[in-house]
Ligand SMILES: Nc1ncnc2c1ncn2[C@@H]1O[C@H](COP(=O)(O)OP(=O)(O)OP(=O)(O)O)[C@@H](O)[C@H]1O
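Shown next as structure tokens: one chain only, the form predicted alone.
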Amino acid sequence: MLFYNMKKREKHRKKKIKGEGEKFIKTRIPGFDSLCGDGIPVGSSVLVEGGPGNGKTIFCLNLVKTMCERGKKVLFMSFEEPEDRLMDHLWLFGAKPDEYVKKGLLYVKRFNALDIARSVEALLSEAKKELLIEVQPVLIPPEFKPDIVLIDSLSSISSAFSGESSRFRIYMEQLFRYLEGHNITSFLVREVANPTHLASGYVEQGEAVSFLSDGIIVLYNVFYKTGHRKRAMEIIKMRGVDIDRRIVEFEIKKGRGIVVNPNKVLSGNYILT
């Protein structure tokens, strides 16, 4: 059972962005924003989903570059790659991570997913398994107040719960509540062997992540019967935004990162993974 009513959550989110400041975020990733109407609503939690090598981490690193260049404060929480490797990746497509860090705009930190799993277990034990406790879901450094949080990846966090789907669900509900309560726009990477909306046999861990998220962006590997292979992108949902629902091609270009081509819609005989 979810901790809170989704209609109340949506009403609360809209109230927080109404009338003051920026209401929508433009990613400034080439070609992407034309698919997303007014932009991504401030305070939204967006899943970035896809299989191995689809470009999910690159998409998020592109966001680091574009958001920091706009003066936004960005926290990149990695549960997989070390900090120095992520900083190197940023340099490869024109970002200036050292400069962002010096200006106080970027904080890159590698976390241990097992620490999160253990903390949830400990808190639940102390509360005698009463589910309505407040769990500190993310280890955000107290000295850093981010506008944008990027988490790579939920899959690593899920694995740390060792099949305890109920515990993972509790954690995810608290995580989304925390991000919403602090009006933080978040992008959460999730790796899946097959897209959850296409694979009928797939059962989502915790059965809550897709439902709790405000948006879902899916990156695909596209295999054509001719033997050609391409990459494509689709926005499955974005609450409060009139989205373009086509599946369009994108490329990962040296020195630029992700470049979306909204005019190239997939066609022909292909398989999405």
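Each residue number is its position in the shown sequence, starting from 1. Predicted model only: the values in this text are computed from it and were never measured.
Keep in mind that the form predicted in complex with this ligand is not shown, yet the notes after this line are about it.
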Heavy atom within 4.5 Å of this ligand in the predicted bound form, from candidates E83, E164, E99, E80, belongs to E80
Looking at this ligand in the predicted bound form, do all three of G51, G55 and E191 come within 4.5 Å of it through at least one heavy atom? yes
Do K65 and this ligand share at least one heavy atom pair within 4.5 Å in the predicted bound form? no
So in the predicted bound form, does F93 come within 4.5 Å of this ligand, heavy atom to heavy atom? yes
Just checking whether V265 would be counted as a contact of this ligand in the predicted bound form - the rule being heavy atoms within 4.5 angstroms. no
May I ask you to state whether R231 is within 4.5 Å of this ligand in the predicted bound form, using heavy atom distances? yes
Which of 238 to 246, 22 to 30, 38 to 46, 56 to 64 lines the interface with this ligand in the predicted bound form (heavy atom within 4.5 Å): 56 to 64
